[in-house]
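Okay, here we've got a single chain as structure tokens, the form predicted on its own, with questions on binding and movement later.
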């Protein structure tokens, strides 16, 4: 690659935030849902979304230039194949995540990434004087947007997990930090012998009733703090995207809570992205920067996870690769 081409490609990466922010604004306005299957003019879309007509047109034409929308005659727009994933009813909708990423507090944490790199401190705490979980607890709207973003990932993750792992050996499966129960409900739906426990903070599980409705007769909802303790009685513990939110000390606290309560012959299933070798795996490695900037955690290698399990009384038994986003680490109490 010659220097001119390299500079052009690097400039495109540098300006990537512009595309990201434009997509997030379109998602927040609900443009993809307004378009549905037909064409609408930018003025029609402005009226539907309470947006400034000319400014919205400028946004839409920019996103059409990168393949999110398609611009036709008379400032009319349709959804391009890429943009269909912004519809709220799309099977793999990214709209909830885009709406969360657009929030000012999230962007501000990334703006303070330099502070984290220089000091090792969490960028969000530096910017706001508290951790992101405390911030969301004090801002119910932000907490709801975050919960929606996390729930949107659950269906495709659940499909991959169910294809990769056999849950028939469990009697009771507890989803530790399971949010509103999307993943657990999917597992229970295809394992009719299985009972479930959804465990998370009170303000989170308060919204779980609609999610677990179809399996409510087999799913107990329990509120609590997984740093302090985890309910007893389950022979299977499930943790999806929990440990990566925390540093080693706090991750060990969660794991030790699980170890104290899990049945002696039980299994802990940890679902996380695992860092790839050098020069590979950009998705997980940039997710690791997100952990540094926002919640203050980290992504890890298999070896790093193994050391955490050993220190908390578990042994890593097997690893199931379910795709680029997540792996299943099966651990046993020792």
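In this text, all values refer to a predicted model and were calculated from it rather than measured experimentally. Residue numbers count along the first chain shown, from 1.
Same protein, other form: the form predicted in complex with S-adenosyl-L-homocysteine, not shown, and the subject of what follows.
Using a 4.5 Å cutoff between non-hydrogen atoms, residue 150 counts as a contact of S-adenosyl-L-homocysteine in the predicted complex. The closest heavy atom approach of residue 83 to S-adenosyl-L-homocysteine in the predicted complex falls outside 4.5 Å. In the predicted complex, at least one heavy atom of residue 242 sits within 4.5 Å of S-adenosyl-L-homocysteine. Proximity of residue 204 to S-adenosyl-L-homocysteine in the predicted complex: non-hydrogen atoms within 4.5 Å are present. Contact with S-adenosyl-L-homocysteine in the predicted complex holds for all three of 133, 146 and 226, each having a heavy atom within 4.5 Å. In short, of 159-167, 101-109, 196-204, 117-125 it is 196-204 that has heavy atoms within 4.5 Å of S-adenosyl-L-homocysteine in the predicted complex. For the partner-free chain shown, 177, 178, 179 of 162-184 come within 4.5 angstroms of S-adenosyl-L-homocysteine in the predicted complex, judged by any non-hydrogen atom.
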